[in-house]
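Form predicted alone, single chain, as structure tokens, below.
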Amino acid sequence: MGTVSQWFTDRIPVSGDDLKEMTNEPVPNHLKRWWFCLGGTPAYLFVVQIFTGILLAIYYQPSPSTAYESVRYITEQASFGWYIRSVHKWAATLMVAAVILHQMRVYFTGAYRKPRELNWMIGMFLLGCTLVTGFTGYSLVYEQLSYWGATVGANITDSVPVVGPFLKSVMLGGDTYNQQTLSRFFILHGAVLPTTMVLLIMTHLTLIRLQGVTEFEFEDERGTEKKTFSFFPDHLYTEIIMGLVLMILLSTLACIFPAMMGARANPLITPEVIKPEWYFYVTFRWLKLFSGTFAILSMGFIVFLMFIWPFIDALFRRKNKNSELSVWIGIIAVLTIIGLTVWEASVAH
């Protein structure tokens, strides 16, 4: 064993102590609270998505003539296919929720402020990629609702000024849903978006490593001499426990509420009500409340404000150092999103 160890040491000149120093950075005490570990939750779910997605891709056939039957085969005939597909579905749902909750935690704790503005923007890109990944994955089943959901999504994209028609053509592979559409969704869902997200996550973690974690001090921590604890093994144990809890939760949801097969897509019959995934309810309700062009432009403006919010907050605090206007704006925004989501969810689908 000593010879083998020396062989690797000669070629990889990094000792165990060096690795420990590189990875075992001090972690602020507030990370002992589980809600500050929401950044690791979507990362774990993303790994689950990649693993289960690879297994599903073995059987999936991205063509209008074969997609639905291939998903049916996975669900009803392939060994444990129903379980893998259900875990994939629920991991996607929980990942969207975890990214949203993580972004909210960062917002309401002001962890996006200088010098972490770029990391906030990277987080917004990750949120956008997560939502688009969910949309493309939902469309791959080629069910009636997913087909028309993709069609409506493409029409909404077409309403974007200047670049809308081009983006719609890139999305569908033409002016309408056609033979190339599913293969494009599949490539986006299985290759382009995951690769983009991996690169964004790597950049995100690198910036966190360089800048350190935002430090907070709670009342029960005041007066204590030790302000930090070790990442390894203390914080790693917390992340492992959360991962195990998530795996149990995913398996429970997959067994109790497995992914089912809806009606096969029929381009000739438009459903009375088109139902998107829950994380797009707010968008659908917004589009129903306002005219097409105004709704698209206003949503784009809101997203733009979210991207540059660290700089807007800096302007508020420049005028009043202790200003918490961002918090009140955030509370109003969250209540509005919840209200619109519940409103759309209450509509019979």
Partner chain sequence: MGQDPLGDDQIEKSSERRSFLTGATSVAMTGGLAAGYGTFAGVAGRFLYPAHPTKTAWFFVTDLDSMKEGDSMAYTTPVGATVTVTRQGRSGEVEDFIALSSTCPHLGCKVHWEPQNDRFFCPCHNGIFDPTGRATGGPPGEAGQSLPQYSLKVENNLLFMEVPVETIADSGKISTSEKTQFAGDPGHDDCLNPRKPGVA
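These numbers come from a predicted model, not from an experiment. Numbering follows the first chain given and starts at 1.
Not pictured, yet referred to below: the form predicted in complex with its partner chain.
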_Can you tell me whether Tyr177 touches its partner chain? I mean in the predicted bound form, with a 4.5 angstroms heavy atom cut-off._
yes
*If you check in the predicted bound form, is Leu268 within 4.5 Å of its partner chain, heavy atoms only?*
yes
*asked:* Whether Arg113 contacts its partner chain in the predicted bound form should be assessed with a 4.5 Å heavy atom distance threshold; does it?
replied: no
*Check whether Tyr73 has any heavy atom within 4.5 Å of a heavy atom of its partner chain in the predicted bound form, and answer yes or no.*
yes
*For the chain shown here without its partner, which stretch in 133-141, 79-87, 197-205, 116-124 has non-hydrogen atoms within 4.5 angstroms of its partner chain in the predicted bound form?*
79-87
_Single option in Thr214, Ser169, Thr109, Thr151 placed near its partner chain in the predicted bound form, where near means a heavy atom within 4.5 Å_ = Thr151
*Position in contact with its partner chain when the complex is considered in the predicted bound form, options Leu101, Met247, Val160, Val192, heavy atoms within 4.5 Å*: Met247
*Using the arrangement in the predicted bound form, list in sequence order the residues of 46-66 with any heavy atom within 4.5 angstroms of its partner chain.*
Phe51, Thr52, Leu55, Leu56, Ile58, Tyr59, Pro64, Ser65
